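Only one chain is given next, in structure tokens, and it is the form predicted alone.
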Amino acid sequence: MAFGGNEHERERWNHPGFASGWRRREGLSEATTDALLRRAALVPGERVLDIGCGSGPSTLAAARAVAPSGTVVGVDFSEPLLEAARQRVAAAGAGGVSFVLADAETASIDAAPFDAAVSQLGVLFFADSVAAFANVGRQLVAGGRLTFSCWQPAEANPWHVAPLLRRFATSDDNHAQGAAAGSGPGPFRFGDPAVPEQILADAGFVDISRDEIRAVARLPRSAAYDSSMLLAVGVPEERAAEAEEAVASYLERYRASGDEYDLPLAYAIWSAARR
């Protein structure tokens, strides 16, 4: 195992309640997978690093792209999510996939160097982004490719209900709110494109480019909200029912039918190359 100074995030993602809640919400991140892999342009035989792989949807997709002779290593510092990833890959019968419990911000991966690195929102939770991306670069061959997805600003993503929940909260959680651009780990820290562009350049990457994507994803309501978010945002038990009623009312405008909701998404796909 290799862990850096991102102890708060590591504890969060290893908390059983938070990790299980994320599994219910990961449909949102999976909605970026196809665009991520198209931009990564992986080919059979390549060696790929999946940064912050979580429960493995992007890892499995990458493995299919580089099959039959390529390999993919998924790295994450959440043991519960890695266990889910292992189960996902085993159920799919996919070969050429392995997982490493480590912090991609600081870890040296034994299978390096890689031809390409991908990340489905995982790079949003680094403590020191410049140092982290520089470390990712060290895991790549010269000219190796980096491709990642990130959310556009929170106001462009109305599925994000944390601002509504904060009205009922008694604590101030930067991650749950969605960190302001560049301010620290959080889902919207790269909402301002100038932030990741400068970070990537400072970390030694070149040929930096970005695609903006807007889409509607049909997902269950749990993709946008589940009760584990109440604790994460700091909603006290005595206000939980009130908060949940407010969320249900807010999300009703996106209901398609039954437990299916058409959630508007705004995200970006970034690509760069190691100098």
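Numbers follow the displayed sequence, beginning with 1. Being a predicted model, the structure only gives us computed values, none of them experimental.
Separately, the form predicted in complex with a small molecule exists; it is not shown, and the next lines address it.
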Discussion item. At 4.5 Å between heavy atoms, only one of the stretches 45-53, 234-242, 210-218, 62-70 reaches the small molecule in the predicted complex; which one is it?
Written reply: 45-53
Item to complete: Only one of F114, F205, W159, F77 comes within 4.5 Å of the small molecule in the predicted complex by heavy atoms, so just point that one out.
Response: F77
Worksheet item: So, in the predicted complex, is L165 in contact with the small molecule at a 4.5 angstroms heavy atom limit?
Response: no
Worksheet item: Would Y254 sit within 4.5 Å of the small molecule in the predicted complex, counting heavy atoms only?
Response: no
Practice prompt. Answer for F188 alone: is it within 4.5 Å of the small molecule in the predicted complex, judged on heavy atom distances?
Written response: no
Worksheet item: Should A102 be counted as a contact of the small molecule in the predicted complex, where contact means heavy atoms within 4.5 Å?
Response: yes
